[in-house]
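Here we start with a single chain on its own, the form predicted on its own, put down as structure tokens.
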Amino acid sequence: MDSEQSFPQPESKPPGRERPVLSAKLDAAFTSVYRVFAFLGRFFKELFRPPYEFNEIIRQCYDVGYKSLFLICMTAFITGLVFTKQSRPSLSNFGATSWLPSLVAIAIIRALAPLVTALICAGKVGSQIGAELGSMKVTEQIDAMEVSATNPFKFLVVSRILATTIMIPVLMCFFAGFGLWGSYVDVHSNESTSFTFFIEKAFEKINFMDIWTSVVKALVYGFTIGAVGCIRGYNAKQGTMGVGRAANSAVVISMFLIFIEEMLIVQIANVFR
């Protein structure tokens, strides 16, 4: 029996073999960024070019706004009620329960109303847009619209992005109103505060900068939700699996961008305060 035992030696990789793989990944990343900006550029180009799909825009506003209204209002009422209940013990230790209306109004109007509304709509509306356009893409319905001399981009994409951009601020106003209503129910049940006194205290520390900042947030969030859902759905591939990926990625990417935008807008708003 030989004392020396031979083992298979690992194959030596030629130098520079990983570099083309890294280069291909970088090329794919830059190509994806280019496609996103080209998609947005086409949106703004088609936005001001007639004909205008007013009927489709109104229908999409109905789908985005009215069909999400009940969920938004219920979430807002519960949020205001629970936030007030959670804040009362801390303020009671300092004998400052009279600050509850102002505290809740600042929290809801400045932060919770636009952010929570956008997150709910990202999950409900963003996934719906991604799934709808994705299914139309993989079943070649979009290609059929192009053959029939219809502009599918204007009809499908422009109308949906406009609808989310318009309706998210409207839903945010409902969230703020029902959130304050939920807070008032708790305050009234504990301190027997009148509605007039509650509203006066609630808006005592709120100024126009707070309101306009929330409106700008909602506009940006609405545009983000619509754009991401349309981009992922309009470019879906690989059949039914691609539809699921489009819907899922539309929600994940929208929520990620919303948090990034929240951080940036807050920093910019603090500069002007």
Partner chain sequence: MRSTKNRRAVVVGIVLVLGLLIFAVGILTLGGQKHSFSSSFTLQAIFKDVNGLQKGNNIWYSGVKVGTIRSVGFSPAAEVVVTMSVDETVQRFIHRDALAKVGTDGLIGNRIIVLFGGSPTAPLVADGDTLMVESASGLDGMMDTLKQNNRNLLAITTSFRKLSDDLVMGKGTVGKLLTQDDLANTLQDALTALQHAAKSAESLTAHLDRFSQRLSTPGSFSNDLVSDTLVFHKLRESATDVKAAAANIQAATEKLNDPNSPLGLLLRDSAAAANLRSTLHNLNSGTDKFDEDMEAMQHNFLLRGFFKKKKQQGATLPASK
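Computed from a predicted model, the values in this text were never measured in an experiment. Numbering follows the first chain given and starts at 1.
Form predicted in complex with its partner chain: not shown, discussed below.
- In the predicted bound form, its partner chain sits within 4.5 Å of a heavy atom of G177.
- A residue is said to contact a partner when one of its heavy atoms sits within 4.5 Å of a partner heavy atom; K237 fails this definition for its partner chain in the predicted bound form, lying far away.
- The closest heavy atom approach of V220 to its partner chain in the predicted bound form falls outside 4.5 Å.
- The shortest heavy atom separation between E200 and its partner chain in the predicted bound form is within 4.5 Å.
- Annotated contact segment (heavy atom within 4.5 Å of its partner chain in the predicted bound form): 210-218, selected among 210-218, 23-31, 243-251, 223-231.
- This chain is drawn without its partner chain; in the predicted bound form, the residue among L112, L81, L119, V170 with a heavy atom within 4.5 Å of it is V170.
- Annotation for 58-90: interface residues with its partner chain in the predicted bound form are I58, R59, C61, Y62, Y66, L69 [heavy atom within 4.5 Å].
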